[in-house]
Each structure stands twice: as C-alpha cells, then as structure tokens.
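Shown here is one chain on its own, the form predicted alone, set out as structure tokens.
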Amino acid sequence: MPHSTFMLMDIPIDNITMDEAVQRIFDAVTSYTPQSPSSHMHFVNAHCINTAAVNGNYRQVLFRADAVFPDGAGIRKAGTMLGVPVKDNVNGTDMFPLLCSRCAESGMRIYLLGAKPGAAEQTGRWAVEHAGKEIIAGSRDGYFSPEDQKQIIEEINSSHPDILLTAMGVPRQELWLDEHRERLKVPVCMGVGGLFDFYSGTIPRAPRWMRRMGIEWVWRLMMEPGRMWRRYIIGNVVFLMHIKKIQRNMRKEGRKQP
C-alpha cells in the first residue's frame, strides 16, 4: 500500500494535498487509452463513512476506486484520533475551479451529469466563465429512468469528455459509475455530491472563514435544516462512535495506522 494511504472502515483514503489530487486526476487523463478502463476517483466525508458502514456494495466500490480523497473536518478529526494527520481537505467544491482552470490550459473537457434540471447547465456556464474557454463537453440532469441510461451513456461517450462529474448523491453516484464502468469511455469519472447546487447558485456556499475552520457543515445545516439535521446532528455522533470503535480495536491489537 502506498505510504500516503490510510485505512478507514476498510476504505483506502489517499492522504495527499489538493494540488497532488488534481495532478493525479490529470495524470490519469493523459495516460488513458481507449483500451484501458476509466479511473474512478471519489471523495469521502463523515456521511460517506457512515453510509459505507451499512452499505457493503458502496464500501466495495470505494475499496476498488483508483483514488479516494479526504473531504471535510470529520475525516481530519478521524485522522487525528487515529494518529494519522490528514494533510488537506480535498473536497470537490474547492477542487472544481482548479479542474476548470487546468482543463482550459490543457484543452481538456468536462461532462456534468446530475442534480436537478437546470443545475448542471448553470454549473457549466459558471465553469466556462471561470475558465475563459469552452471546457464543457455536455450536461444532463440526474432525473432519468433506467430506460434512459443507455442513451445517456451514448451521449456522454459521443461528446468525448476527459472528466465525468456525477452529482447524484451518495451512494447512488458511485454505484452508478461502478455499474457502467465498462460502458463509459471517459478517462476519469468522479462522484461530486452537491457540487452543482453550489455552482448553479441553488445553495449559497459557506463564508470562507467557516470553510477555513472546517465547519462548513454548520452552514449546510443552517441552509437546509429539514434535510440535513439527521446527517449532521445524528450522523456526526454516529461517525465519532465508529472512530472510537476503531480506536478500541487498534488498542486491543496493539497496532498503529500506517
């Protein structure tokens, strides 16, 4: 196992910086050939770990992923509790502008799939304005039936994107990408959760000072209390219980994280 990887709930998490994560994505794009499978790279936060604890299929998808990036204060707290300092908060929302700029520099393009009708399209307009260049291969909302999937995959492949971002929520987005891995002819596929909601203007982003302090979850709770209270109020307690259990098991076995 690479030195920069640590295990959490049987999920290998890449303990790298944001810049290193972006470079890893573009290295995967440049090394891709039509004969090779897509590289699947995902983000995990405390909610993802809670979901993985009760959803074995999702946990296996993350285990098989080419990269799993540490997202949020919960993962950083877990790293501290387990003796593995987490280098950076590698979240998709902060990464997106960096991806757009690198695509503009390299001539690569992104396909946006997911979220409510109009959100992916509006996110694409934000990306083009930010990059100063047409970097969006196409977009499609996430409200589609199983009968539409073949057509959607054909649309994605025919647009020849270098990166596919799917915003369908955890674990649907990761499971969907894994299910269609052999049919998607895209160098890099990533699940990005609520990213399109932020960049389409549907949900305002937390102030920068809250993001620096690692308490963006408080802002999300304030913006959507009816939908988010269970994830953050109950979910954070459940997450800490999982980490405490891992700590106890490590003490019993007399081992340390790599």
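The numbering used is simple: start at 1 and walk along the sequence shown. Treat the numbers as computed from the prediction; the structure is a model and nothing was measured.
Keep in mind that the form predicted together with a small molecule is missing from the display, and what follows is about it.
Taken together, H47, G169 and M228 are fully in contact with the small molecule in the predicted complex: each brings a heavy atom within 4.5 Å. Contact with the small molecule, judged by heavy atoms within 4.5 Å in the predicted complex, is confined among 186-194, 30-38, 206-214, 61-69 to 186-194.
In terms of contact with the small molecule in the predicted complex, the residue from H160, K150, H130, K116 that brings a heavy atom within 4.5 Å is K116. For the candidate set G79, G142, G92, G138, a heavy atom within 4.5 Å of the small molecule in the predicted complex is found for exactly one residue, namely G142.
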